[in-house]
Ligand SMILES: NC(=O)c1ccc[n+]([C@@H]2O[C@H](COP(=O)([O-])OP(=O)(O)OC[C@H]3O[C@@H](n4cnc5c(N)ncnc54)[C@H](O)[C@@H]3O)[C@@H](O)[C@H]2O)c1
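One chain comes next, on its own, written out as structure tokens in the form predicted alone.
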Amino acid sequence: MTGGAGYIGRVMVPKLVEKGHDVTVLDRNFLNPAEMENPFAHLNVKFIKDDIRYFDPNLLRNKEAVVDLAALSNDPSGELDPIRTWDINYVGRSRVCRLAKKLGVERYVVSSSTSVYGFRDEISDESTTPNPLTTYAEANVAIEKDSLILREKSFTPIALRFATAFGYSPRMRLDLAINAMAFNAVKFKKVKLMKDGQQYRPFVHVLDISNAVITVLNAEKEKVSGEVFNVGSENLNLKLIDLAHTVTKVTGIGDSIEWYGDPDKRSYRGSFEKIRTRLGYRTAIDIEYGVREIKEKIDNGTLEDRPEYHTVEYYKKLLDAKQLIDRYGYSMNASVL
């Protein structure tokens, strides 16, 4: 798994180990505390601190599958330096995919996002023409196309378009809508909401993302090879204003909403019928559970605010400290892996 030490990977790796998989993680590990050299040491998971653009290809030998999560993680982060975003999210992952095929890996799963739909009044399914509005979304569209065309009898590439993630992870993210709202509601008794709250987003819990990956890893290749799947649930296609009201209700703070910014240009809803009917996949976790989960972690002291939990601001901090340097000595405006 590339990028396995990030928000999704820190939840998914233990689930894969639990299912009996032998997992190796490749990650630059920028977003974990400096003392945490191997976040999975307690699971006996092999951890390689390296970069998808430069790692030794032989690391992929004798691997049955690659789950490629390594990428700059969201739309705002991708705009810090669009050239670097393309270098990491497209060129880097394309390298991983082609090396995987060359070295005999049977299955390749690349993470994408429903943000590729950009702005849509109608509900978007996998046949909907993407409308990417950011560099992050454009790079996702490109890596989907670049990997899926490599489909052959001996090589099964799959693209998963995740809805906006939420839920607790040991490598938490507090820049995601539900996570941020829940944290602010519990800690500061208010929810911050970008104007005007009428924009739609589909949401999916990080555990449900993990289960989707496990589902496609175990599926018959004829059902998944060369395919793209939206990952989420129609029940979690929500306006942000309605989401904010849910958070305030669950946390018991009353209707305390603080507005900020300009209306978001992105608004979209997803159809998740394809993965449900073809693979029998369904999500299990609702918004209320995710909010209560975060509240419980805050209340018992497990979850505290840390700079690295705010992705864009943390990248900027690393840049200012000149800690993000690539192999050839150039300053980076984004994290890798």
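The first residue of the shown sequence is 1; numbering continues from there. Since the structure is predicted, the reported quantities are computational estimates derived from the model, not experimental observations.
Omitted from view is the form predicted together with this ligand, to which the following refers.
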Query raised in the report: Do Ser210 and this ligand share at least one heavy atom pair within 4.5 Å in the predicted bound form?
Result: no
Query raised in the report: Using 4.5 Å between non-hydrogen atoms, is Asp51 touching this ligand in the predicted bound form?
Result: yes
Query raised in the report: Looking in the predicted bound form, any heavy atom of Arg28 within 4.5 Å of this ligand?
Result: yes
Requested in this report: Find out whether any non-hydrogen atom of Arg93 is located within 4.5 angstroms of this ligand in the predicted bound form, and reply yes or no.
Outcome: yes
Report task. Would you confirm whether the three residues Ala70, Tyr136 and Arg173 all fall within 4.5 Å of this ligand in the predicted bound form, going by non-hydrogen atoms? Result -> yes
**Report entry** Contacting member of Tyr117, Phe183, Tyr108, Phe162, with respect to this ligand in the predicted bound form [4.5 Å, heavy atom]
**Finding:** Phe162
Query raised in the report: Of the residues Ser147, Ser112, Asn230, Thr156, which one places a heavy atom within 4.5 Å of this ligand in the predicted bound form?
Result: Ser112
Requested in this report: Have a look at 239 to 247, 165 to 173, 211 to 219, 124 to 132 and name the one stretch with heavy atoms inside 4.5 Å of this ligand in the predicted bound form.
Outcome: 165 to 173
Query raised in the report: If we check this ligand in the predicted bound form, which of the residues in 1 to 22 reach within 4.5 angstroms of it by a non-hydrogen atom?
Result: Gly3, Ala5, Gly6, Tyr7, Ile8, Gly9
